[in-house]
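The form predicted on its own is given below as one chain in structure tokens.
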């Protein structure tokens, strides 16, 4: 009977491969051999295959017939356009959450924001990233629109590694936390217009953030 791989192990495999792709240790165009990866991580090929499929859905890996998995090459223009679309969806979620949130939604948002604050104070970008994900998910849930939640979830999954990369830039974690606070205040004040604008601006890469993002991509993900 095949050994069951704990979920934490699967998450670690994905995180490590994501980081290696983003930092250029595994460059664009390189083949990701299941056997070699399974040997390296001390697991069977099944969890490796599952992780590669997850990375493919995030746009980091391409699964090619007869060639297997290779690291994808995504240009900055495509990524920025995807962030623009996500900003629109997040803005809609913020507006709806301001109108529709329940008392349970309010408690969940405040609890997760407190966890974001604790992670930021500890300087742990990875911990903050996961709490940040939960914060966005709580806003999606507070919109009480199942289709919107589905679309937001899909795009978050696709852009996950790049959103994590942004948080590693100096001062971005503190800025993100301040933006969360403003968004939460707007939602709890039932100000849909402000919540939508703040959520969109929180996500869309523009101005100095655009310049920083392009510079990080050039440094961390070299052209193939």
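This is a predicted model, so every value here is computed, not measured. Between two forms, the rigid core is defined as the largest C-alpha subset superposing within 1.5 Å. Positions refer to the first chain, counted from 1.
Below, we turn to the form predicted together with another copy of the chain, even though it does not appear here.
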query	finding
4.5 angstroms heavy atom contact with another copy of the chain in the predicted bound form for residue 54	yes
Residue 109, heavy atom within 4.5 angstroms of another copy of the chain in the predicted bound form	no
Distance check, residue 88 to another copy of the chain in the predicted bound form, heavy atom within 4.5 Å	yes
Residue 50: touches another copy of the chain in the predicted bound form, heavy atom cutoff 4.5 angstroms	yes
Complete contact of 100, 158 and 200 with another copy of the chain in the predicted bound form (any heavy atom, 4.5 Å)	yes
Partner-contacting position among 72, 117, 82, 127 - heavy atom within 4.5 Å of another copy of the chain in the predicted bound form	82
Heavy atom contacts to another copy of the chain in the predicted bound form at 4.5 Å, residues of 124-146 in sequence order	144, 145, 146
Cα displacement of residue 186 between the shown form and the other one reaching 2 Å, rigid core superposed	no
CA of residue 195, rigid core aligned, shift of 2 Å or more between the shown form and the other one	no
Displaced residue check between the shown form and the other one: residue 176, CA, 2 Å or over, core reference	no
Sense of CA distance change between residue 129 and residue 57 in the predicted bound form, threshold 3 Å	farther
Cα-Cα shift for residue 55 and residue 131, closer or farther in the predicted bound form, minimum 3 Å	farther
